[in-house]
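One chain follows as structure tokens, the form predicted alone.
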């Protein structure tokens, strides 16, 4: 009898978790995930409900800060693959809630690794590391890669560095298959609208439709390397399919500023962004991360991975999503 592979996903209700669930189910995986208890049930798994795959996913209440819930689930499931995507994922907000960010993004990973070690040591473990770990550090040729020094500029980045090093430690100390995916910014129509890409696109559509008059942002001259979540979750799976645990940068190798993003989005709607976009102090970070540009040549060579969705395609998809959203409301 055919035995389905089992995947356990934390952060399953987020952008990446929903795409990864869909991807693995299409590859005949049985998918398990944890969601945090919320007083409004509809908000816990709305991304999954919209995919019509929720019946193929077994969800349990749990939290990476609650070791008992992790132990119970890993003992029961014994997954082939574990994808730790759970995090306080908003960098700007990490300055407002640094303790919570560190507990979730650093100590939560410690809990996952300890539970893995004692309850399911044969599972392959993927940690969602981040380009924010590089911070102010850039190699001389303008790229950040696996060998670039980490100099994080936020509580979020600091917590991710701690988690990254924990994963490497458990890999070597306990001979576990633990890998890091150092993912640069990746977006989609499932991205939360408080993240800058979707905030810009949603607001631009609202301005076009007369719903909103202005868009307030922080630093317009910070540069980011943006890809599509669908491409990046493919990389996660390839990292765990590799014959040995390792760390990989996943990026497009192209960088654009927030200002350029605004211009592209507003131009697509025949609007002049300069008339509508204003800077507001409350959206500035205490220490700005000015520049990110990833070198994913290792992943392209070793994993045979490359992005398939262009920046322009991603922007068009996200814009179409909000246009259709508001058309349904009228």
Ligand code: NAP
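From a predicted model like this one, the values you see are computed outputs, not experimental measurements. Numbering follows the first chain given and starts at 1.
Note that the form predicted together with this ligand isn't included here; everything after this is about it.
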property: Listed residue that, although this ligand is not shown, lies within 4.5 Å of it in the model of the complex (heavy atoms), from 144, 129, 252, 120; result: 129
property: Interface residue in the model of the complex among 31, 299, 64, 265, criterion: non-hydrogen atom within 4.5 angstroms of this ligand; result: 64
property: Heavy atom contact within 4.5 Å of this ligand in the model of the complex, the stretch among 166 to 174, 71 to 79, 201 to 209, 183 to 191; result: 183 to 191
property: Residue 148: touches this ligand in the model of the complex, heavy atom cutoff 4.5 angstroms; result: no
property: Proximity of residue 36 to this ligand in the model of the complex, heavy atoms at 4.5 Å; result: yes
property: Residue 156 within 4.5 Å of this ligand in the model of the complex, heavy atoms; result: yes
property: Residue contact check: residue 11 to this ligand in the model of the complex, 4.5 Å heavy atom; result: yes
property: Contacts with this ligand in the model of the complex - residues in 63 to 97 whose heavy atoms fall within 4.5 Å; result: 63, 64, 65, 85, 86, 87, 88, 89
